[in-house]
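Single chain ahead, by itself, as structure tokens, in the form predicted alone.
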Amino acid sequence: MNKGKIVSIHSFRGGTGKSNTTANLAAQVAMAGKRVGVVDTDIQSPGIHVLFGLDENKMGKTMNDFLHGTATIREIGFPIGDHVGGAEGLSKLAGKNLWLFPSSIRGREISQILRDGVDFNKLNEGLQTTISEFDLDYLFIDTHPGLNEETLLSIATSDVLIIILRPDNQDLQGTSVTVDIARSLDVPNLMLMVNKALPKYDFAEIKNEIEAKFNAPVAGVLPLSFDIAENASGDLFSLRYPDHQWSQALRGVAQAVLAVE
């Protein structure tokens, strides 16, 4: 049997919709019948748990506990399919094989990570253990934006790297750096995703321009949407509004991930 694939979702800058994209992609792949894990390695500013309806009281053990040696990966994995709550989109994951490995949102634990740093060997061991312990087909990693040691580690161990960017000059320059680093680390499958594109633009033209600039495939161009903003991380948008233009484009990205050999 093939080892599960690590899919890292990254952006050079914050505010690109990275956590929202990661949660929705993972959910779509789980809906396709795959065994899926989601790890929040943005330990300094965790947030993806909110999209899955978790708060500090529900999440129990976290990646911080694993990194400090006080919990195993098995203890951290939160089975989303068994605890979908009342949100309309999230409820569609009932019974699906999707586990979240959250990071702590307790201030003192974040402070401790900021003070002591992250044991990267331990983090890497945790990612590999997660795949084998839960027999995962895909492990999605929500990375910290920018380039630091833990981001480089997750890029280096990725089977698939999705870099999210906005059609914005700062994002384009930063993405150029990230693409160069990913190529130097020999990431097997690199794809780009453009998010928050103004609806008045020609999306096919954006796709062609970005692909030409970076010599890498664009798996999707997703529109800037007030509907997403209004959702306010309260539910998994692509499951709640499957016919929305954003959701349709995101499913295209999920299909690109599923198509990777």
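In this text the structure is predicted, and so the values were computed from the model without any measurement. In this text, residue numbers run from 1 along the sequence as written.
The protein also exists as the form predicted in complex with a small molecule; that form is not presented, and the subsequent description refers to it.
K.L.:
Please run the contact check for A229 against the small molecule in the predicted complex: heavy atoms, 4.5 angstroms, yes or no?
P.N.:
A229: yes, in contact with the small molecule in the predicted complex.
K.L.:
Answer for L224 alone: is it within 4.5 Å of the small molecule in the predicted complex, judged on heavy atom distances?
P.N.:
Yes.
K.L.:
Is it the case that K196, even though its partner is missing from this view, gets within 4.5 Å of the small molecule in the predicted complex, heavy atoms only?
P.N.:
Result yes; K196 sits at the interface with the small molecule in the predicted complex.
K.L.:
Spell out, yes or no, whether the shortest heavy atom distance between S238 and the small molecule in the predicted complex is within 4.5 Å.
P.N.:
Judged by the heavy-atom cut-off of 4.5 Å, S238 is well away from the small molecule in the predicted complex.
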